[in-house]
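Listed next as structure tokens is one chain, alone, in the form predicted alone.
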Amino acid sequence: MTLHASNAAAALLGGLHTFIEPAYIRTDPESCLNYGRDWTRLHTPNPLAVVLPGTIKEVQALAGYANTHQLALVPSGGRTGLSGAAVACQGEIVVSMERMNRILDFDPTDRSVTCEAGVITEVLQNFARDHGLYYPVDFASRGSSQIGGNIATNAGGIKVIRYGLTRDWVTGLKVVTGRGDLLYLNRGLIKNASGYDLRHLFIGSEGTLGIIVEATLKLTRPLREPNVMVLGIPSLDSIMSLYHVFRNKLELSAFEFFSERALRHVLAKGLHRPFETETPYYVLIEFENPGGLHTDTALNLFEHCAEQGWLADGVISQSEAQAQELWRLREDISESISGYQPYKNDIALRISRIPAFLNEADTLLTREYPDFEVLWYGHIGDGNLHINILKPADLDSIAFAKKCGGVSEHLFTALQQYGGSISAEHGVGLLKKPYLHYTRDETEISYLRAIKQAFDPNGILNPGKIFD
């Protein structure tokens, strides 16, 4: 940075002190590194500063200041994203919501809670449980992800098959737009047919239209004595047969899938194999079973599927503790491979098209990645597959990403033929931006740009994310 540029930056940062306390403006290298990245590691963080507002008025003042001085803002939650949407690598100001972390209101009649954007997902889940209720949007990063980030990415997770995505639980939002306006959207209503529902534009917008500052969320009753089964599957073709059989007889809250290769990484961290038989693929099924009401049904389905050759072995949980241990076989996969800097593809298809695509994609990846380890897992009950390619220790990260990106072109070409999406729940951000055209055509993208222009005419919010 030149002396002139350095002086200009100092002056701009000094202006922030007029509406945010200096203690909540950070420029030290450690803070810039920590707040300037998410779980991706392909871009070097380089924010101008990190700002931690404590009120909605401060967020509005920051947006106004950014418009006046043409400063770019990158909204930041728990930074657990996997698409680069929360990365600040071009001298932006990171806007961390971690100080805005209060639960503001709870209404037991409405079964709703209003909270600030910085509330940790697990804190909200525990709050709901303490009041005899349940917030069902759930995933492995629950202990660090924040509600605002969940909404900005329309987070999914492990219970979508029964409960849907974050979108299905948001009944109200307060958002500071790129113009600096405060919008109070839908106000917690279940029914509201009074024009465009702008709330849904901000859900999944990845911080490009506005900064989510408050949310009103529905709660529901807890699952009643859920049981978990893990089944060993001999082939990809068997998975959907199992899905159809179990879904028709039991109300499923989860239907997850992972490969033996993925399981081995979890076992290496100290967990135990669920049964002696080793199979290429596994399915985890969760269903309510109050008082053991559905145990016989589940066991009869197991026997039927075994007779058809669709499964080779399995186990059903006998206690809550065992159910949690079985869940860890699936949920701990991401953490167990994080040291390999995996290249992640997070794709979605209609459930009926999964078997044909899986076989085609598996053939493609085996051919294109003969020297790489490829792991399959995902929320197959809602059509969401995760493909993780592990980086060899001796390969440069940039070269690895370039190789994987080239193969992604082939993968997404096939995906396009099946009518799928390049991103099911991780978002577009920086990593999937080059491939957006496989899911959205140019006409549709032009409408997305027009929406961006309406809410953020000066382009201050998360520039360069989703599209340029």
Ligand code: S2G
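The structure displayed is predicted, hence computed values, not measured ones. All residue numbers refer to positions in the sequence shown, first residue = 1.
The form predicted in complex with ligand S2G exists for this protein as well; it is not shown, and the discussion that follows is about that form.
K.L.:
Taking the partner as it appears in the predicted bound form, which of 276 to 284, 175 to 183, 326 to 334, 94 to 102 has residues with heavy atoms within 4.5 Å of ligand S2G?
P.N.:
That would be stretch 326 to 334.
K.L.:
Do Leu82 and ligand S2G share at least one heavy atom pair within 4.5 Å in the predicted bound form?
P.N.:
Heavy-atom contact with ligand S2G at 4.5 Å: present for Leu82.
K.L.:
So, Lys344 and ligand S2G: in the predicted bound form, are they within 4.5 Å at any heavy atom pair?
P.N.:
Within the cut-off, so yes.
K.L.:
Can you check whether Tyr135 is within 4.5 Å of ligand S2G in the predicted bound form, heavy atom basis?
P.N.:
Flag for Tyr135 set to no.
K.L.:
Does any part of Asp38 reach within 4.5 Å of ligand S2G in the predicted bound form? Heavy atoms only, please.
P.N.:
Asp38: no contact with ligand S2G in the predicted bound form.
K.L.:
Would all three of Lys249, Glu288 and His294 be in contact with ligand S2G in the predicted bound form, where contact means some heavy atom lies within 4.5 Å?
P.N.:
Per the other structure, none of Lys249, Glu288 and His294 touch ligand S2G.
K.L.:
Of the residues Lys391, His265, His379, Arg199, which one places a heavy atom within 4.5 Å of ligand S2G in the predicted bound form?
P.N.:
Result of the distance check: His379.
K.L.:
Using the arrangement in the predicted bound form, list in sequence order the residues of 414 to 440 with any heavy atom within 4.5 angstroms of ligand S2G.
P.N.:
Heavy-atom contacts to ligand S2G in the predicted bound form: Glu425, His426.
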